[in-house]
Every structure is written in structure tokens, then in C-alpha cells.
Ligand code: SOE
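What follows is one chain in C-alpha cells, specifically the form predicted on its own.
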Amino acid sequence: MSEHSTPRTLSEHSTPRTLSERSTPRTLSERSETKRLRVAMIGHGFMGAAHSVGWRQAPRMFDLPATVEMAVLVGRNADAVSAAAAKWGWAESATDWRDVIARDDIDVVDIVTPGDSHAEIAIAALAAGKHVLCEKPLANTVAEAEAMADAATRAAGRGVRAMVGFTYRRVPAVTLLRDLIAEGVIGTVQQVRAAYRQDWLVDPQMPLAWRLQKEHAGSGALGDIGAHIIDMTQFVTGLAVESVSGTMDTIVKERPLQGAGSGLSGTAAEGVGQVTVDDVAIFTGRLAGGALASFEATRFATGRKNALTIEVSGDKGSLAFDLEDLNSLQLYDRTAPADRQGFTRILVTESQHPYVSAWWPAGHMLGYEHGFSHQVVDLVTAIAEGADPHPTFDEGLSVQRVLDAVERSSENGSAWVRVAVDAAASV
């Protein structure tokens, strides 16, 4: 973008490493000297499957500066975690994460558990000298996120790295969107419209899962998918969300309890339970420099399956992205002659585009899972270079503080609430 003169920006600290060109293959002798990183993943399920794809595919498609080994998968149920490990390619399984992070042969801990355990596991792993990748949102509360960020800062002094898994940053089109804004293609950012819409909770008979209980999830649509659009807005614009005004609602307040083996306790259950998180959150944000942003996070958008969209408007043009068309961007150039103006589709599949050169020829398309491979590339590269990978725990904390401000605003009649003063400065 043409101006980043405001005191609180994220652009200087949120540039991921991208591979616009495939690096020169190393010789066999060079590979034999490569550092080895043995990974333990704690938790499984949907995110476990996605992260496993990333750990498995990245070393095969990118010339990484370290050898990655999928060493251990950890879960509470011995039979379930053993089956998942065999299916996804982990060498072994375990049921006690504390024993695993105490092992000398584990270098990286990947956390894909519910949010209520993120802080305990991450802080312990960092203290044990393990690099940490933690799924978003960073924690369930600001206090937990602050403790995690402090632990990451201390660990960095010992050469131990920590990263938050905001994977959508690593969709090539999203990274390109960020790059184009930073180049000034659309001029000064004036407004942002971001939404993440799903419909998987529209059916009131959908069982009461852990994502619907505040003690496990922290919040509902706000933290689960709203965190993504907050991070993406800050990432692509380089501008922090400084204040918010929002409203949250729980549309279906009771749901059937889950049955045997599938509930939180793994025991048979009857009746209904209370939904203690939000189903929808709609809020406005004021960005550093004064631009306004509108946000919608909902799991009740009937017909929308995974519709993450963002549109950034500037004084010279606009850029728009839709996750359901994730290989393209829409660019509007207001400086073009009047008879040639209109949104133009950029197909983000050329080898010059971020990350793409390691994959397929132009037009052959990438998918949802590729972002997790790119996440591994950036984490492993940062560890090898002795640098902090992005997004850092401080950046995850900045998102957590925005989530907290939205909740406080909703509780106070949608009053404007300022995000913690040091939230932007900390990243």
C-alpha cells in the first residue's frame, strides 16, 4: 500500500517466507548433513488430518532445510489414536502428552487439541525446549494467550520457536493479495469487508459437541472462524484492529447430548445440554489509520458451506478474495481508462506466485490442504534459519484481544470497545 505511516502496523512483522521459485536441489551429501526435526502432534480429528497432510506432503514437494519425521501422534483414546496414526502416517502413537514432550527425541510439538488445553501444552512444550505450532485461536482467554506469548518470548531467547496456525495466510492468493496491497496497487486502504459464513449448525438436532461449550472452545463462531477474518484483515492490510463494536447471539440454545463414544466424556448420554457459545457474531472495527472494517462470523448462513470472503477497498482500486474460489483474486483498477474499468480475475497458479512453483503447471489448481503444507515449509524454514516464524504468538495474542473486545462490546449493548492498548504494539 502507498502509506503505512501510522504507528501501529503489522506489515513489518507479518511477512511469511514464500517460495516463488523452486530452490536448487541439494546433493545427497548435503542432505545427509541436514538437521532432523522429529514431530509430535497432540490431538487428532479434523485438524489432525489436515496437519498430517501438511507434515507428510511438504518434505516431498519442497526442498526443506531440515528432514521432517512424523514421530508420534498423541490422543486420549489408545485405540482411536493408534488407528489415526496408522492412517495418517505417524510412526507411533501415545496417550500422555506430558511423557511425549519430555522425550529427548522430539523437536517439534504440533497442538491441534480444543482451546482449553492450548496454554498448558504449549507452555510446557516451550519450557522443554520444543518448537511449537499451535492451532488458532491461540487460547480461550486473553490471560492464557498472554502467558503463552510470554513463554514464547522467553523460549526465543534459547532459540526455540513458536507459531500460530492461521493457515489461510498461506493460500497463495491471500499472500498475493497482501503483497499487492503492500506494493500500493490499490492505494491507501479505506475500507475492509470480511465474512466467514458456514451453515453446519442450522439443524437444531446437531449434537452438542465441544465447539459449542465455552469451557472447551472459549467462544463459538467468533473464535472458531471470526479469528480467521480478524487475522486475515490485519495480515493483508498491515493494519491492526484498534477498536470494535459488535453483537453476538446464540440462535439454538439447547442441543441433544452426544451418544456413547462420541461425546466429551465418551459415555452414553441422553437429553439436551446448553449451548454456551455464540452462533453468530457481527461487528465493526476501526483499523489503525482510521479505515473501517465490517466482520461477520456465523455458522447459521444457510447454504454457505465454507464461505470466507474479504474485500479491501483503497483510493486507487479494490482487491477481493473468496475461499470457495481459492485459486483466484479479483482486482479493480480505478486508475484505468473509464471504458476499461471493472473487476479483473487474476488466476493465482503461475510459478511466480507465492508457493506455487513447487506444485503443478499453471491452471492445475491447488486446494484447501495445500495451505497446511505451506505452513510446514514456513515453520521448518524459520527454525532452520533461527528466525521467528509468522504468525508469532504475539500476533495470535493480538487476535485474542480483538475477540475479547468484541465479547465485551456485545455484553455492553454494542458499545465501542478499544482493543488493549499494547495489542498492536506487541506484534
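In case it trips you up, residue 1 is the first one in the sequence shown, and so on. Worth saying up front: this structure is predicted, and the values here are computed from it rather than measured.
There is another form of this protein, the form predicted in complex with the named molecule, and it is not shown here; the text below is about that form.
- Among 353, 178, 211, 131, the residue placing a heavy atom within 4.5 Å of the named molecule in the predicted complex is 211.
- For the options 161, 170, 136, 197, the residue carrying a heavy atom within 4.5 angstroms of the named molecule in the predicted complex is 136.
- Mapping the unseen interface onto this chain, residue 359 falls outside it, with no heavy atom inside 4.5 Å of the named molecule in the predicted complex.
- In the predicted complex, the named molecule sits within 4.5 Å of a heavy atom of residue 224.
- By the criterion of a heavy atom within 4.5 Å, residue 250 is excluded from the residues contacting the named molecule in the predicted complex.
- Using a 4.5 angstroms threshold between heavy atoms, residue 306 counts as touching the named molecule in the predicted complex.
- Exactly one of the stretches 276 to 284, 224 to 232, 84 to 92, 328 to 336 approaches the named molecule in the predicted complex with heavy atoms within 4.5 Å, and it is 224 to 232.
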